[in-house]
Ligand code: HEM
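A lone chain, given as structure tokens: the form predicted on its own.
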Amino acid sequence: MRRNLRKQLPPGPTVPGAFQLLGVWKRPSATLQRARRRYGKRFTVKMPFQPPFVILSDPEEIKEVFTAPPEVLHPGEGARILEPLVGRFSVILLDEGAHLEQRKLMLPAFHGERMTALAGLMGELTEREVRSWPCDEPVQLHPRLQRLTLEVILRAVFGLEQGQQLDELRDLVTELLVFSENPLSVLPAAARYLGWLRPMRRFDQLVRRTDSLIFELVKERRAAADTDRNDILAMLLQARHEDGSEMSQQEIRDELMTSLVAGHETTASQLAWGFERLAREPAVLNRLTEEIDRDDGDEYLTATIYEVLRLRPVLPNAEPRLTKQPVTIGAFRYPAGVALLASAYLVHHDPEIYPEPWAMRPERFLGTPPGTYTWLPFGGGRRRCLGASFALQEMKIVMRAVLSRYAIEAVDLRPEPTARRSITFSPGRGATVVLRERMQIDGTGASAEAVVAA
């Protein structure tokens, strides 16, 4: 039966699934590029305990996937490996009507006035963190950015203030993230509950303790009935289902964990890639710093962030879609039980779409908005990331704060390799740079050319 299924799918690597998993973990970008060169814009990969994955990188086929009826393709089932962490009520894991209802509940939290209200808190936390960074010596920015984005999530989403609750939850989540560096973290839930695997036992203990803290927080906030707060938890406590019922404690827990998982490591890694690239692109850095110094808009800053998201997407593909019934995408008729993945990484590095795809050129996005099916850092279609505006706002605030204070120098002009952390790509050497205090360099912080030259 498995052989018959394979015959219906596009060609792909034939080595055992364990070796394919090792390849995408140890050399993720190189593995994708090699398969693309050999098999073309669609190919099939197989990993242990999971359905066949078909990797797609043709924008027209991706459009067909993103616009397919929700009963035909189930992204929630395709992302089931995240359930032990985010929970079964996570908007990421729901499909069809349940997903639409939960998405409607979540949507107001990440748009408009709420984002504006959170900008001040983001700026305050960023300034405090950035001031603590060491100068005139090699420093890894990625772990510092992880610390910052975690603090933003815990304060802006969970609404926590300084104190024991914040400290304990921060420590628990930090340890949970260490687990994401283990290849076991991408195995489905059924394969992970193996009692003899010590990492699995520790992971379960951490999740249980984290859940206990979150349930306690939700209970406290619900009892306080404070309607004047701007954090995401406050919005969830006020949200109501179509039948008028409030969100359950478990639903709120799952959406809070989803916001943490989706908005912490991804944003930290994306910022780390941004500074890793800027340290090696003096022309881009000069122009960006000049715009920040003039403080007369953010057109080039926005374009630079778009280009970083294109050049180094931390999520290599959009949420997998599991076929629930046969569906034709492009030239293939896919049977039920196959996961279709739109590859952001391969689309973003297609020379037919982006000339000189490995060059950093923010000018690509000056006056030209990103394409719906050719720029995929936040996925697409009905499943586009709810927190996209949150992430973009945070990236702008952090980049502006760092580049206003520091000049950035590369320690090694060679690009950093790509490292896999669970489902994300991050800089393999932690985005190691040297920071120079700009005020000490030019006395005013006003000359971008002097800063970069120094």
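Note that residue numbering begins at 1 and tracks the sequence as displayed. Values in this document were obtained by computation on a predicted structure and should not be read as measured data.
Although not depicted, the form predicted in complex with protoporphyrin IX containing FE is the subject of the following passage.
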query: Partner contact for Leu386 in the predicted complex: protoporphyrin IX containing FE, 4.5 angstroms, heavy atom; finding: yes
query: Exercise: Arg287 in contact with protoporphyrin IX containing FE in the predicted complex, heavy atom 4.5 Å; finding: no
query: In the predicted complex, Gly379 touching protoporphyrin IX containing FE (heavy atom, 4.5 Å); finding: yes
query: Touches protoporphyrin IX containing FE in the predicted complex: Glu307 (any heavy atom, 4.5 Å); finding: no
query: Protoporphyrin IX containing FE: the contacting residue among Ile214, Val91, Leu85, Met247 in the predicted complex [heavy atom, 4.5 Å]; finding: Val91
query: Selected contact from Glu319, Glu251, Glu276, Asp231, since only one has a non-hydrogen atom within 4.5 angstroms of protoporphyrin IX containing FE in the predicted complex; finding: Glu319
query: Contact stretch among 91 to 99, 163 to 171, 350 to 358, 363 to 371 - heavy atom within 4.5 Å of protoporphyrin IX containing FE in the predicted complex; finding: 91 to 99
query: Candidate site Thr126, Arg405 and Val434: all three near protoporphyrin IX containing FE in the predicted complex by heavy atom within 4.5 Å; finding: no
query: Heavy atom within 4.5 Å of protoporphyrin IX containing FE in the predicted complex - qualifying residues of 252 to 274; finding: Thr258, Ser259, Ala262, Gly263, Thr266, Thr267, Gln270
